[in-house]
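One chain is shown next in structure tokens, namely the form predicted on its own.
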């Protein structure tokens, strides 16, 4: 498994607009990590550097021993899959099946291998019944799963999801959680941008916080969401369960509902 390393990486858009300022990130192979921060923090630019859509204007992005500056985006896509925030920027086939099959076919895999990958991706994303549908006949929330399935079918070591929870209801978020768990069990490296703090604490082992084009802090959910200085810098709030526990003056490391219930029971028993 390849580590993904950003070394003193910066990116400026035309007109010298600095979007990411000298960041250093190391994501180990097989790690499941979330990137959080307000709009304009530099999150999407950062992950686009990770998959070669953008090349750093300063510094380096390394995938194992490969420097993205030395390879085309198409070459990097064999190692890093990217799911856009808006699925309409990614979908261009007339059926769900053909959309998912496109990447594996471009890799010149056998028909049997393409079919196997498509079937596996459809099953993992719970899209088997929609395989013959035109993606644009499906609601936006389901189209997102079509693009996720298309990237899963590429079988890359690293997968990046940009705001997959946007527009999803509770059922959709549960489906996303199941996908993430399965990919993690397959030793895939999964990097996800999300504004949903409850989803983040329930699905990721480690978190990177960005603010004002820089990395502010990285750590576990407990280390991030009980560090009020970091939350203030990034203009972020605690997950609801943490905020409630803080209001009740309970243990200052709660980020999950089960932990909150245990703390409340403990307080009741001690009172």
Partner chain sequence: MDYELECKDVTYTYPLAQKPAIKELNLKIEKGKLYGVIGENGSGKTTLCSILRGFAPSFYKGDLTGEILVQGKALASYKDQISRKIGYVFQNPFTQISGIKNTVFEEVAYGLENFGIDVEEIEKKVINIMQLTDIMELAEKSPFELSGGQMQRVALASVIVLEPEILIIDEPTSQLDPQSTESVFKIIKKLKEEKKTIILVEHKVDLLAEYSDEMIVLHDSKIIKQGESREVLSDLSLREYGIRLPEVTLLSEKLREAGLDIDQLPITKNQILDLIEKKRKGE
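What you see is a predicted model; the values in this text were computed from it and never measured. Positions refer to the first chain, counted from 1.
Absent from the display: the form predicted in complex with the partner chain. The rest refers to it.
- Comment: 241 to 249 is the region of 214 to 222, 64 to 72, 241 to 249, 22 to 30 lying near the partner chain in the model of the complex, near meaning a non-hydrogen atom within 4.5 Å.
- Judged against the partner chain in the model of the complex with a 4.5 angstroms heavy atom cut-off, the residues 155, 182 and 185 are out of contact without exception.
- Just one of 98, 126, 86, 120 comes within 4.5 Å of the partner chain in the model of the complex, counting any heavy atom, and that one is 86.
- Within this chain, residue 196 lines the site of the partner chain in the model of the complex, having a heavy atom no more than 4.5 Å away.
- When the partner chain is considered in the model of the complex, residue 237 lines it closely, a heavy atom lying within 4.5 Å.
- The partner chain in the model of the complex is approached by residue 267, whose closest heavy atom lies within 4.5 angstroms of it.
- In the model of the complex, residue 163 approaches the partner chain with a heavy atom inside 4.5 Å.
- Contacts between 124 to 143 and the partner chain, taken as any heavy atom within 4.5 Å in the model of the complex, involve 139, 140, 141.
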